[in-house]
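One chain comes next, on its own, written as structure tokens: the form predicted alone.
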Amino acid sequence: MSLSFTDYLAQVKGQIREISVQELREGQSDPALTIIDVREPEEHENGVIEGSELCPRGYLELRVENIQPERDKPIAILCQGGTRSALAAHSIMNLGYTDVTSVRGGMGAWSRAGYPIEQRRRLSKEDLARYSRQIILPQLGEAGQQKLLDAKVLLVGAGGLGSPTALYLAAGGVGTLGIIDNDIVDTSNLQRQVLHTEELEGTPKVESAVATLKRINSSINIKTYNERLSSANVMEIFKGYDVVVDGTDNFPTRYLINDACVMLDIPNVHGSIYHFDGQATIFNHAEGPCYRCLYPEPPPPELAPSCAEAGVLGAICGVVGTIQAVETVKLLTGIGDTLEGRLVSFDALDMSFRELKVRRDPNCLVCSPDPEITELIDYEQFCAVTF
């Protein structure tokens, strides 16, 4: 027996629970409540309910588990008039959600009642087109892409690790990229430092980086620092960035980056490579460790790899730098499980990956509650692996 849409809607509403906008307003104080607005993006121009999750009706079943993975938590679904929300509530109840309501009258009733709404920025048509393959990811969506566009990331080093990291962060729409490097492009860099090209040999790396990145994404903001990082400038340079990506090649700078990140409370996405090996992790995020928790002091110069024996397969830089880019995106958008407290290492010769647990040292020299190191230190520069 076929049903008219009116009959079908009536049948659906008989199987779900509806609430008034007054009840929704009263329930807003419940931190467990998730409000999902299933209207189309253009309908949001007149405002949305504060704290609501925006998910077009056509994507709800695909994304609801990322919006609210716990099926017993309360969910209120809202559309413009109450029809799409009723159908949506019925649908996710069939997915096993047990506490779902549809808001009777929808956003129209909410506005007529005079309840507060907020205006949210929307991505431009250009941004929607450029980042469409990211935006359709249920874990990211428009909200995640907006976070990337609003983000500020500093890359320390425009070499082997900084190159792939910068390329993917620029392409992915990180709104502001800072790049600090005081070196120039040399022929020996080109085997692994994919930001740079033959015609830019002899050019400062920061200028070469800007030229390449702007060809990939002309809309992002790039700040350059053609200077060596030191205790005299690190705090001023780091200030205001959301994440610092460590792509450096020497121990003194790694310790300086770490200590400044701890003092400024900025996550540090760390990577390092040597020969056919690479590793990556995140320092100074949430309850995770800092670099000194693992390595309290720099090694003596005689134990650092000499310039004569240092070497690396160029593609190793791509692997580690790409991992750093992925972890940076996860930090900025809040998706997935980051490498906080975990160090991933791999050996390219047998393509084996290992994960090591790394814990915060309660007696760490710099990140413990009573640190011994409270001022920045410029350790003596000595030779190490050149990325």
Partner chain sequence: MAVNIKIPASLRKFVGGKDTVAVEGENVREALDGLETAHPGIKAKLCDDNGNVRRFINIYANAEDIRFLENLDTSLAEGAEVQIVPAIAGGR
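This one's a predicted model, so the numbers in the text were calculated from it and none came from an experiment. Numbering follows the first chain given and starts at 1.
The same protein also has a form predicted in complex with its partner chain, omitted here; what follows describes it.
- Residue contact with its partner chain in the predicted complex: residue 142 places no heavy atom within 4.5 Å of it.
- Put simply, residue 356 is close to its partner chain in the predicted complex: some heavy atom of it is within 4.5 Å.
- Its partner chain in the predicted complex comes within 4.5 Å of no heavy atom belonging to residue 40.
- In the predicted complex, its partner chain lies within 4.5 Å of some heavy atom of residue 350.
- Look at 75-83, 154-162, 115-123, 234-242: in the predicted complex, residues with non-hydrogen atoms within 4.5 angstroms of its partner chain sit in 154-162.
- For the options 102, 284, 193, 281, the residue carrying a heavy atom within 4.5 angstroms of its partner chain in the predicted complex is 193.
- Residue 272 is the only one of 91, 272, 146, 134 with a heavy atom lying within 4.5 Å of its partner chain in the predicted complex.
- Scanning 214-252 for heavy atoms within 4.5 Å of its partner chain in the predicted complex gives 247, 248, 249, 250, 251 in sequence order.
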